[in-house]
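Just one chain is shown here, as structure tokens, and it is the form predicted alone.
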């Protein structure tokens, strides 16, 4: 199938700002699914609210456009009722770390077979450029005109600590790597989290002297490094990217099915 066969062309042109990284993420999702050969009828995309959640409307799969921060809750219910389906949950930093943070840590704890794709642009883009839980210390935002004083979450450490069995980080600059990581995340039997550093030139970039999408993607190129690279030893401020963990653990739906069988046999 061609890439255009996976999108709802009637909803284009899209609403993302020029230079937004979320379209790159959507393209990588499509190419990963195409390479895996999964039928469109076997995929459900569940999103919440935010710039990233527009993906739900643009992709020609079964889709649920749900409440802000509650995408993982809806996805959990759907996966339990239809475990044979492949569920993708694209989210932003608000959906994932703020109002949806509790759902994120418990989905990781349960190890339910969902793929959370977190587009982290370090700011609330849709609602006017407010600081988010992933806005860096000292970064500027609409609600932090003199610099943010809140320490930011490290999403990777957060979900590792909560028990996710597949955790990765990539960027919109590293598209080929992103496609490969998404393939592995989607086929992993357990809770998969892929953090994608995605540029927001309209708010984050403009306020933090990264004026264009190209500037921001060059930042991802120059300020990230593969896991275990010697460059990290020389420059501890570099952000690591790649797959941090990929382990086989008991999956929640499979364990739930065993529980039902046990109850029936009593």
Partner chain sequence: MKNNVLFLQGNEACVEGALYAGLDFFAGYPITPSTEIAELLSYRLPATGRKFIQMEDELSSMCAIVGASLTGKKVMTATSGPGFSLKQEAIGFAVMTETPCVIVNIQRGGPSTGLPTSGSQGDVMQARWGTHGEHAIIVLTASNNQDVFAMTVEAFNLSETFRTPVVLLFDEVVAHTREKLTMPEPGEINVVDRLHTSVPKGTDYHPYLPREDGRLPMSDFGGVHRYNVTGLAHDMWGFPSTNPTIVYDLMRHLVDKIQGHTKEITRIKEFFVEDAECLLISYGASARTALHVVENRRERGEKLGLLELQTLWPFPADVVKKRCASIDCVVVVEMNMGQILHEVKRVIHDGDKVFLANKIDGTFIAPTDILDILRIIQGKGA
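Since the structure is predicted, the reported quantities are computational estimates derived from the model, not experimental observations. Numbering follows the first chain given and starts at 1.
One more form of this protein, predicted in complex with the partner chain, exists but is not displayed; see below.
Heavy atom within 4.5 Å of the partner chain in the predicted bound form - the one residue of 232, 223, 70, 207 that qualifies: Only one listed residue qualifies here, and that residue is 70.
In the predicted bound form, the one of 85, 175, 160, 98 near the partner chain [non-hydrogen atom within 4.5 angstroms]: Contact residue from the list: 85.
Interface segment, criterion being heavy atoms within 4.5 Å of the partner chain in the predicted bound form, picked from 150-158, 187-195, 134-142, 99-107: Partner-contacting stretch among the options: 99-107.
Touches the partner chain in the predicted bound form: residue 58 (any heavy atom, 4.5 Å): Result yes; residue 58 sits at the interface with the partner chain in the predicted bound form.
4.5 Å heavy atom contact, residue 238 to the partner chain in the predicted bound form: No, residue 238 sits far enough from the partner chain in the predicted bound form that none of its heavy atoms falls within 4.5 Å.
Contact test in the predicted bound form: residue 263 vs the partner chain, heavy atoms, 4.5 Å: Yes, residue 263 lies within 4.5 Å of the partner chain in the predicted bound form.
Exercise: residue 180 in contact with the partner chain in the predicted bound form, heavy atom 4.5 Å: Residue 180: no, not in contact with the partner chain in the predicted bound form.
Within 25-53, the residues that have a heavy atom no more than 4.5 Å from the partner chain in the predicted bound form: 40, 41, 44, in sequence order.
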